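Coming up, as structure tokens: structure 1 and structure 2, two forms of one and the same protein chain.
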Structure 1
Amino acid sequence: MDRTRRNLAATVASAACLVAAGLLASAAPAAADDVIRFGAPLPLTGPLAPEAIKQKQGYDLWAEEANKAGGIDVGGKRYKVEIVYTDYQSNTPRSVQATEQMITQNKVNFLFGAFGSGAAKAASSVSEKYRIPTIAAAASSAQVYDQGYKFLFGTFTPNDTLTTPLTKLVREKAPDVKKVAILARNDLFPLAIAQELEKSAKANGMEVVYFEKYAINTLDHSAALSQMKALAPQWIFVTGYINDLLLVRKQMVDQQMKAPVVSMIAGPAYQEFIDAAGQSAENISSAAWWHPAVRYEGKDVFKSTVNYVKLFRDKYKATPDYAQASASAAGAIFQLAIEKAGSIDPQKVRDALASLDVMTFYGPVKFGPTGQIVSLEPPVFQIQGAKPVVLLPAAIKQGEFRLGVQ
């Protein structure tokens, strides 16, 4: 836990620096006729700060590359990219207020959605009211997109595109696994994906012997884990964000909880989770919307997955994960739509987004009738040797599924 505390302390310090940088960036003067302003409300402080930092890195890399290439081409005129950041402190009601402020006071042209399904859904009511095209780079739950909104788009496929292939893999590789236990953070995305896992487990002949929710900011999971352990589940599935999952995993180790299969979403996709959990991360399985192992040649500013990963590593000295890539993709998709529209008129850009069917470094991009992307095949992976190893899809498979956690 000492390492975990050091990591979290570093995260808080980094977040403070990023908030300062973001506020300075938003205050910088810009000529209105040669700049396109993108609003990005993020939880740069509070419990969701680790995820917010990743998104900011992704947005910043896109803005840097777009501007380096001369900006966005709008009908033959080049516009520079400016991103306005606001910290809503991991508080969903504040994300709504921040979104309204960006539109009415900061006069942004377009918006990136707030982080996570819950905040993205809440804040989307504001952007829809003002008819501002918005791309949510971290919202997968169907409840975000079933509101009938026309100006909201998302770069994550529905939750079942993660849980269904994961369940089929477990059934194929571990046919004796029949008893499943689920522990879910009581928040829109973590709860929704847990419910999808429950559905897919039952559909594949498994029995869900335990399904409980834990409150946001829970610090002691020992009672729930003790109840779960007594049922001797063969597959333990836990949802939440990185700090939640690190805490649950530590308390599982404290109680000497083991099972043939342990899955967590979404923390294991982050190197920070692997570093902090250490040996206890081994053989934890998960799924995400993107992985640096994919190989796409795109029409966007990054050109290819290989080039995107190189640019990210050069800038941040780390390998990007799905959170950073999705944020960069959101910017690149906006750029493609604006250039296709030949205009920064909100309605024209909205229509261009709705009709996009294009390959990018992130993968094929096409939005369904609700605005949610429908064209990706998310990878399933497992932590092996302190690295995420892709198990599905077959085209980018890197290893074989292993049973048992350390």
Structure 2
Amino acid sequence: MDRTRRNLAATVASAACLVAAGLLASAAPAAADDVIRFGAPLPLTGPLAPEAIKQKQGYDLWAEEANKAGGIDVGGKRYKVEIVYTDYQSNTPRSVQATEQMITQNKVNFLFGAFGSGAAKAASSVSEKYRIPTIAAAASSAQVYDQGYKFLFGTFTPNDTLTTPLTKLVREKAPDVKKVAILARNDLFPLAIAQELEKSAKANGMEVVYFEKYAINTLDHSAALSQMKALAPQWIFVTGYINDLLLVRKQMVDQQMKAPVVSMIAGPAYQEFIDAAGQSAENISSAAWWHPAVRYEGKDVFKSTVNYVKLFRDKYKATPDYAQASASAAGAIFQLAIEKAGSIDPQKVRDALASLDVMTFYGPVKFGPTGQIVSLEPPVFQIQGAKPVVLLPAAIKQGEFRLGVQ
């Protein structure tokens, strides 16, 4: 027994040494001058891992395309792109440490923000302290950008830019819709967007007959849905992430709930949602910051939305969604700003970002005084025939709004 224990201890110790050595090796900065290093703290493990993987795909695609084109042109000299990843394990406090470590030890030149509004906000205090230009590719809440920071930029417009056009569309196309029921995941972004919808629904003369939050990791929504069903709402609005929304949708069908309009944020923008929900995804409406159906001709490395979607499909055998596109866009925007500044000096690149006004595959890019993008018009879409069909903005409309969700 004793010997077994000693052996075990020795094994554990040697394993620890190996791991430590591996960490040291991966943390040592590559000594190359013609490289621009971008730090990307991501929740690569833990509950947010699927989202982090999307972000990473977006960054990697950008780095690959930028390097294929010879790198970033800085005043005539070409620099290769290198992205340094750190896993902060879906643990927000750790995202702050990871960000600091990237700046002080990995010596990154620029940063991508941590995932989501909460972590991006927390980590932005560090990048601001070291004056490292940062683009947050997945943070929409206005509270992230109202801290007076000069080095933080974001590629998502505020939450109300998703809910306002959606409500407008419902009011126009379904004037009989008066009673709205809202079920929101009790989490920063899903709850914020539900509150925005409540506001815009009331402003448009609708009555919010049900507004409830459900806890993270809820396995069963039948009680909430039964209660909602008894109120006979005409518009059912549910927020959460893909697993929540799949489950709610399934249980709505189980409970034979029908309504003229059913909207969900933020699952239907993902292909996995449509695949998994099957027939029950039909006529679900939603809004997102970007959609593969939008059509923009840009000045960035990806050139156009069509080309971006093609490159993404070639590399990952899947259609990009807004999360991946936003990450790629963050990289492409950095590239445009660095090339515009003609320097990798943080202050100059920051100024170039602040004054940027350019068209990209992602849409028009112009940052407001807080650093949050103000130029995007997020598309409203509906699943029709197992495909997302853009309804708004009118310029890229692909179909008519259909009423009735069975």
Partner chain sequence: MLAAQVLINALVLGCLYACIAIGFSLVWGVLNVINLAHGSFIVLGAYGAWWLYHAFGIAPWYALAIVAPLFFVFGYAIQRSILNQVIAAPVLVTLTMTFGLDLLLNNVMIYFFTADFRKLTLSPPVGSLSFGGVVVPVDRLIALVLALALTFALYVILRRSRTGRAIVAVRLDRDAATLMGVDVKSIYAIAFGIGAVMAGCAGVLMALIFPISPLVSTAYLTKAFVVCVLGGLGSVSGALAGGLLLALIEGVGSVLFGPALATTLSFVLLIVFLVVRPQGLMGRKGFE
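So that the term is clear: the rigid core is the largest set of C-alpha atoms that superpose within 1.5 Å between two forms. Numbering for residues begins at 1 and runs along the sequence of structure 1. These numbers come from a predicted model, not from an experiment.
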| item | value |
| --- | --- |
| Pair member that is the form predicted together with its partner chain | 2 |
| Gln271 C-alpha relocation of at least 2 Å between structure 1 and structure 2, rigid core basis | no |
| Ile135 C-alpha moves between structure 1 and structure 2 by 2 Å or more, core aligned | no |
| Residue shift check between structure 1 and structure 2, rigid core fit, Arg171 Cα at least 2 Å | no |
| C-alpha positional change at Ala230 between structure 1 and structure 2 - rigid core reference, Å | 2.6 |
